[in-house]
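Here you'll find one protein chain in two forms, each presented separately as structure tokens under the names structure 1 and structure 2.
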Structure 1
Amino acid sequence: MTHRRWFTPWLLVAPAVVWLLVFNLWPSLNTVVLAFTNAKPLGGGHFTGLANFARALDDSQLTDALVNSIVYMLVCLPLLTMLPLLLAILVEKRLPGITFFRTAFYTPVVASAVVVALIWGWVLDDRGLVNGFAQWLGVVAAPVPFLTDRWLLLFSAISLTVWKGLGYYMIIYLSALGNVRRELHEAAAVDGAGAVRRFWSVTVPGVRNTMLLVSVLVSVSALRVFSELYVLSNGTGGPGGRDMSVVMLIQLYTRGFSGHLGYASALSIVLFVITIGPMLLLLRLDRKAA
């Protein structure tokens, strides 16, 4: 459209451009710069070459964190790609009261990860609901160390992530199911296809692209996990700090006297490298869809 003064559009975009430069482009560039220095929260900032990356190769905590990330991703991927689809099919039909159920299923999504982790920390506590109930039933003699065992803590965090994510991906699928043509379902039903058959031959192909989108989103968010592990382990990263995620390590080195901003930046680049694969896949899908 026309406008009388040449600078009008620039006035309109100016604030967003300032934010683009100061809080997006500059920090990206600066992360790379910092990664090659020994910058500390207090002082430092000399060029140290590849020292931070050499340190990263040697860092057993980072190795643990990467293993945790992979486990996290491998467990979340199938669960959060399939369960929300089934849930979306369950809430798709407009039965009386369905809005209530949809809203309720979405509630864990709008709650803060901190709140959810504190609630689960209490439920999974040595003397919490799950252990109390299991002992009352006599299933276990001693409390299960959900929050103090290296692997159980990780799996507790994973189940929390899955539980909190169900509603989010359900909504994405619900939106996609609206586009699956109803005639296909009806034709299949007339041909005598049962519900399971229709699921695999009509629904799944119909939401194939959405399933790919969801699996990319699930992978990336599994690699970015922070709050669940931080709160469940009370900031310690579990026994021996072995239940850290990459983001927890970044947070650890950003703050305090033991802080090392240069090393934290190098870890940020490691995080970027492991998330870029799924992200690029997402961009390609986006272009295909458009």
Structure 2
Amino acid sequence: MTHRRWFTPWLLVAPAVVWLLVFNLWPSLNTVVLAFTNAKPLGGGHFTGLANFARALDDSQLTDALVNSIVYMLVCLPLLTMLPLLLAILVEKRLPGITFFRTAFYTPVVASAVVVALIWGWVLDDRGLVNGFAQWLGVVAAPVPFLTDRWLLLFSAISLTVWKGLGYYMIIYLSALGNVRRELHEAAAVDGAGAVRRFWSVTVPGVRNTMLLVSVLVSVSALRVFSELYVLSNGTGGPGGRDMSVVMLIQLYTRGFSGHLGYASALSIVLFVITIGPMLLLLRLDRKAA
């Protein structure tokens, strides 16, 4: 009986452990190994040392992709850290009809990213709603190239990411705001602090740990962006392929039977290292602030 009781917990966690080993640990280790080879989808390849990483240093497409990913992160980070907090403060109030607005803000989150990107593409197309309305008002004489200009396409994708992510991070902040003691707001109000002062002196310190979590989530997802840029550019990566993200570039090199798995694996490691950077920086800044 004792032996069976000792064995039972391991039996229960065995499926999860097998899943992690097969679908997480093994692919990660295999990626590291492939990064030092010239492997193809139909061949194992052979060891090439640091050749793939040396190639990455001279890859202009990778340079463009890194610039796009970093700009994506730098724009999304402040917007998706502060705007959802302001929305959470708004919908936390007990006002008539506030449930409708909570639902409206969260609806884009449950929608498929691909479907939302397709709708966004129709809206921003040369013959889409935005250009049609702007030309009807006489604001512009010719359609604005939202989807055919490099930077306009990038910022169109960023606006889609921000719009879709507002509701998700708003829910995270709502749970954190419930832990901020109301007595602190009341005491600050008695001392003469206005709404803005209470926000910076009471609310922000009270949700600081949650803001760090949101910042890390936003940074990682921005650096790993794929669907928004892929769909808005129709899979081309924008004019001249200069709007690709690093994930799109990795997908490009693994496509077809003649894909370069070794080089794609090296790019995956580069992306992993770059993704770790903002996380460590944010943790360091949080410790200094504490």
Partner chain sequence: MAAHAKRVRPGGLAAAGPAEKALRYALLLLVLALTVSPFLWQLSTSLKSLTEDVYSRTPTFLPEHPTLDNYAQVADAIPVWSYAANSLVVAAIVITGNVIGATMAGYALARLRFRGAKLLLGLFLATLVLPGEVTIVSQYVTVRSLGLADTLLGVALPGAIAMLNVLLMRTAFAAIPQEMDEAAVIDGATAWQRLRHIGLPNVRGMLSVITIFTFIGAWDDFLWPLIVLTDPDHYTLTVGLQYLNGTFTSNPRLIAAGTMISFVPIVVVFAALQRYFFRGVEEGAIKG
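Keep in mind it's a predicted model, so treat the numbers as computed, not measured. Heads up, when I say rigid core I mean the largest set of C-alphas that superpose within 1.5 Å between the two forms. Throughout, residue numbering runs from 1 along the sequence of structure 1.
Visitor: Which number, 1 or 2, marks the form predicted in complex with its partner chain?
Guide: That would be structure 1, which is the form predicted in complex with its partner chain.
Visitor: Compare the position of the CA of residue 273 between structures 1 and 2 after a rigid core fit and state whether the shift reaches 2 Å.
Guide: Shift of 2 Å or more: no.
Visitor: Is the shift of residue 74 between structures 1 and 2 large enough to count as movement, that is, does its C-alpha move by 2 Å or more after the core is superposed?
Guide: Result for residue 74: no, shift under 2 Å.
Visitor: Please state whether residue 193 has a C-alpha shift of 2 Å or more between structures 1 and 2, with the rigid core used for the fit.
Guide: Result for residue 193: yes, a 2 Å-plus shift.
Visitor: After aligning on the rigid core, report the distance the C-alpha of residue 10 travels between structures 1 and 2, in angstrom.
Guide: Residue shift at the C-alpha: 2.8 Å.
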